[in-house]
Ligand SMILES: Cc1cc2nc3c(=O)[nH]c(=O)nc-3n(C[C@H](O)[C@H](O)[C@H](O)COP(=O)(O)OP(=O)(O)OC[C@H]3O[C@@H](n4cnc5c(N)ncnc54)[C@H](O)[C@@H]3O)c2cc1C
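In the form predicted alone, a lone chain appears below as structure tokens.
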């Protein structure tokens, strides 16, 4: 399984539903049949949420699920754009460019996959876990969040994973502490054939190091500020062993072994 080869296109979209999942977190369902039919796990869309000066630039969003001509997007309210998205009622018209970027891929012969998600890092993994399950790949999920309320989409992952392990900062669900402690334990006890990670970058860097130490291939989905979303503006560069890459066209999913991770004061992160 690889990302789709479909050319991105502009599509008019309509809000079909907009539901709250947790405090400050929601899932918007967009009717966008052309993009829904073409998008692959790990790809994203560039969404124009509304008109006006605050919305001249589109916002990039991972696609959580695609089904029946609809896209589901998980979002966290952090600014003007996501605030407007949270307030969009059914019937609201938007437009998007998609599908965009390079998504997840499955190495030949992989039988067991470990997904490591920090907080909203589950957003690009909904389609992935469904596709892995359909292909008969056993899936283990390690999911960390600040509190149990922020452990999103648990029903979807529990339905498609062989094993789900949870960690929270406050101990309200699962282990108390770092999700990277869970991933380290899982890699040692039940070595996967491939690891997929998304979440805060320090967390992804730690998971990448764990994968390297265990000799397991690892893919990471990196978040960068994007302006154009089509590779022209160079605002979303990622440093790699092959030079500077653009997250919008060369990613957002990268082979973790190729990424030159930025130094950080925090060796680990609660997620």
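Remember, predicted model here, so these are calculated numbers, not experimental data. Residue numbers count along the first chain shown, from 1.
The form predicted in complex with the ligand exists for this protein as well; it is not shown, and the discussion that follows is about that form.
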task: Quick one: find which of 32-40, 199-207, 54-62, 212-220 has residues within 4.5 Å of the ligand in the model of the complex by heavy atom distance.
output: 54-62
message: Can you confirm whether 75, 78 and 123, the three residues that make up this candidate site, all sit within 4.5 Å of the ligand in the model of the complex, judged by heavy atoms?
response: yes
message: Would you classify residue 48 as touching the ligand in the model of the complex, given a 4.5 Å non-hydrogen atom cut-off?
response: no
query: Does residue 70 reach the ligand in the model of the complex, with heavy atoms at most 4.5 Å apart?
result: no
query: Heavy atom to heavy atom, is residue 238 within 4.5 Å of the ligand in the model of the complex?
result: no
query: Might residue 27 be said to contact the ligand in the model of the complex, defining contact as any heavy atom within 4.5 Å?
result: no
- prompt: Taking the ligand in the model of the complex as the reference, which of 168, 140, 160, 82 has a non-hydrogen atom within 4.5 Å?
  reply: 82
